[in-house]
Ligand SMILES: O=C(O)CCC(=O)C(=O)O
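Next up is one chain by itself, shown in structure tokens, the form predicted on its own.
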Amino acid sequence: MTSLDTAIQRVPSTTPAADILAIVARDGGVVIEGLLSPEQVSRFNAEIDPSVAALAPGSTHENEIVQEFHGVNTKRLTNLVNRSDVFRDEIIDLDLVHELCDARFLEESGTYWMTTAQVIEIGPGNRAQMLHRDLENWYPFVGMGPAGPEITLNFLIALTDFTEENGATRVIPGSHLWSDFEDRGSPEQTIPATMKPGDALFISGKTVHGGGANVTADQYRRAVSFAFNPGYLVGEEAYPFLVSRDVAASLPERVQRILGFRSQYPLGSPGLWQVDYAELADYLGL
């Protein structure tokens, strides 16, 4: 397999959603220029700066492969809905975000929800992230290949300059159409999604990508990533809102897990239903 011999297409944020989705259907991703204004980027960075500064780089996961995936000099700040007014009130309420998700998810599933939101800051010396498709968190869809449903859409908004040297996300255009989704391609097939602050990389969950290597001595590449799933990827009853913490603490571990009080680790996934990429039960004191 080879990537397209062109750069990732770039469009202004005023582009109609249908036109953006047509590009993604062809290439697997697109850069939306100016999704956030410079003023919004500045306010968002100011809100999260203290939390990012207090966060240690690297992964707390016990699995070495997941540690490498997370990045030894990468910071990942979660719980953004509580940490940032800009994220909560402005970013995840952008009309274009919902127009794109509506158009892609509503016909197949009728609804969708946000599966994760995180600030990702790649520091100097961090190696390139292993290439992957976001749908690999839900392994059965890997086998379905390009004919399967859209399981996740990802928006990655640059909060600093994205350059090839400081770790701009690398993408293999066209990889969402490969017949074998076990094939993640090779670094030589990738191209960097260079961006200015406020630009967004919008990709299908079927598209191969990964954070680039930061080969600079002193630059930090920061972005906010937030992704959406179709609404059917969720349990029927919202048990964590129905069962008290005291009752949950009295239950066996395996019962806590099936009721949603512990994280899930599906085949091929580094973990789902987590808090700061750590076990939910630890956060709940179970």
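Since the structure is predicted, the reported quantities are computational estimates derived from the model, not experimental observations. Numbering starts at 1 and runs along the sequence shown. For the two forms, the rigid core is made up of the largest set of C-alpha atoms that agree within 1.5 Å on superposition.
This next part talks about the form predicted together with this ligand, which is not shown.
- Partner contact region in the model of the complex: 131-139, out of 131-139, 85-93, 103-111, 176-184, criterion any non-hydrogen atom within 4.5 Å of this ligand.
- Of the candidates Ala117, Leu159, Val97, Ile120, Ile120 is the one whose heavy atoms come within 4.5 Å of this ligand in the model of the complex; the others do not.
- Contact annotation: Gly198 falls outside 4.5 Å of this ligand in the model of the complex, judged by heavy atom distances.
- The closest non-hydrogen atom of Ser204 lies beyond 4.5 Å of this ligand in the model of the complex.
- Contacts between stretch 191-215 and this ligand, counted in the model of the complex as any heavy atom lying within 4.5 Å, involve His209, Gly210, Gly211, listed in sequence order.
- After superposing the rigid core, the C-alpha of Glu236 moves by 2 Å or more between the shown form and the other one.
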